[in-house]
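Only one chain is given next, in structure tokens, and it is the form predicted on its own.
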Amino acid sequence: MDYSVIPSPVLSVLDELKKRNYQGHIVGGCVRDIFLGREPKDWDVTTNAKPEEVLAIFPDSFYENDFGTVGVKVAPFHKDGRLDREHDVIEITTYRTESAYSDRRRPDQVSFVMSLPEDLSRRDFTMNAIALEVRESDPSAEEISRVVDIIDPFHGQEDIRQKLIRTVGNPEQRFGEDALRMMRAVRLYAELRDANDETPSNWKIDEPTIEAAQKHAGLLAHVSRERVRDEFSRIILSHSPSEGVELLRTTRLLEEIIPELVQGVGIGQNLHHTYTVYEHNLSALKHCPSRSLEVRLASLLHDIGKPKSKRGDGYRSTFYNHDHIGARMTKDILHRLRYPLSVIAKATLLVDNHLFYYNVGEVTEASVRRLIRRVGLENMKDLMDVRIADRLGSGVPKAKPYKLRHLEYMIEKVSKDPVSVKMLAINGTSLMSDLGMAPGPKIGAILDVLLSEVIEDPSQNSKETLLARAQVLSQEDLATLRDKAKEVIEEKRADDDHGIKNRHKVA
């Protein structure tokens, strides 16, 4: 284990506590991450000093809760933090125990204690109940060297070695105190496991913990939807999101979060699918190429409307309008879980449009433009990722067949519109209002000529320059100029089209 990852501000905090004869230990997820060889994102310290004593030691600190946690502001040290941030925060919490959890969410009372083992005994999982004491090996030496002692009363190190997620003490008691711990166990499983390892040596939750979650899954109803949402999002964004969701189902927690997903269990599909609806949704999430929360949610929920829309049975069954039904269900589900409105709108849009039709040779540029207007150019890549997740989730060998590559080519072609009078700094209205020209085909002819000249020299594309040039052109015979303009425009269009086709590997 590499203790050199402990930042100097954390060591300084421990030193300041010790100078005043207080204990101080690094504890929690940061210790777990050190044992796992990962760089901790947050650093927590526990101490026998009371909150008011911690505030006195560290004037640049704040205390805004009822749980004995003081935030101490220190110089920035997180490598992945914002470059313009003024400080990072180390949280220092007084040793404490907790009384009964009447609402299954928070302790009725927090009591400060003087014993580190008592504090560790209240924590959720053994891997999070390890503490480190950092001390000087020779305080009188000129150069301070550090010795780290490990306090591990619940054998968290051994559980980490065995890749085992296990509660501290009785799992039923732990989950009865805070029901969200059941989801946290699943989240740790999804985050820690190797997505490519299907052997028994991969991370797992021990059986008593699984059984306790199955028995007490209903307690999750007492937890705020915001806390449930945050844990669910972390599962969705983990390395093993589909395995995490499946574990939520087997522990019966999914019925408390998104029961609509469970309704797809055992629902067969038609001749285009070998998986049940639930299996397909899970597989789509597994193969989603995007790290975006909205895209992963849409991949998981894209066929959520199929059980409601199913008509018939066997290979001839149909699911008409399941995309639109699923979009309404997605909106309701994400509202219920208190997702931000922007996340709800994006995921709903993707579910509603995931069945967009596209066949090479059948779909026109106009229909592609209509799709872009309906979905938004900024959302087209995300929609394509949902389509890829849908395809791979159906067991097909290719994520992006020729027709999807051709659609990408068409999207780029029509969205850039590289040879259009729209790129000019003036339009027909300008010619009529500024030059007094009458409406008619001559206006279009002049704009075509101006466009051909701007293609050759983009610096000419200013209102003043183009109006002056249009004034000259309005006095001339445009037949020859129009022919030349057409030649330049078509040549430029062909060059751009060839480049776009090459990028998307289409003929």
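Fair warning: this is a prediction, and the values are worked out from it, not measured in the lab. The first residue of the sequence shown is number 1, and the count goes up from there.
One more form of this protein exists, namely the form predicted in complex with ligand ATP; it is left out here, but the text below deals with it.
K.L.:
Is it true that 308, 346 and 354, all three, sit within 4.5 Å of ligand ATP in the predicted complex, judged by heavy atoms?
P.N.:
No residue of the spot touches ligand ATP in the predicted complex.
K.L.:
With the partner left out here, check for me: in the predicted complex, does some heavy atom of residue 29 sit within 4.5 Å of ligand ATP?
P.N.:
Contact with ligand ATP, yes.
K.L.:
Decide whether residue 41 counts as a contact residue for ligand ATP in the predicted complex under a heavy atom distance cut-off of 4.5 Å.
P.N.:
Residue-level check for residue 41: yes, a contact with ligand ATP.
K.L.:
Residue 227: heavy atom within 4.5 Å of ligand ATP in the predicted complex?
P.N.:
Yes, residue 227 is a contact residue.
K.L.:
Any of the heavy atoms of residue 124 lying within 4.5 Å of ligand ATP in the predicted complex?
P.N.:
Yes, contact at 4.5 Å.
K.L.:
Would you mind picking the one in 184, 406, 391, 413 that has a heavy atom within 4.5 Å of ligand ATP in the predicted complex?
P.N.:
Only one option qualifies, and that one is 184.
K.L.:
Just give me the single entry in 193, 387, 249, 234 that has a non-hydrogen atom within 4.5 angstroms of ligand ATP in the predicted complex.
P.N.:
Only one listed residue qualifies here, and that residue is 234.
K.L.:
I need the one stretch from 197-205, 295-303, 312-320, 124-132 whose residues put non-hydrogen atoms within 4.5 angstroms of ligand ATP in the predicted complex.
P.N.:
That would be 124-132.
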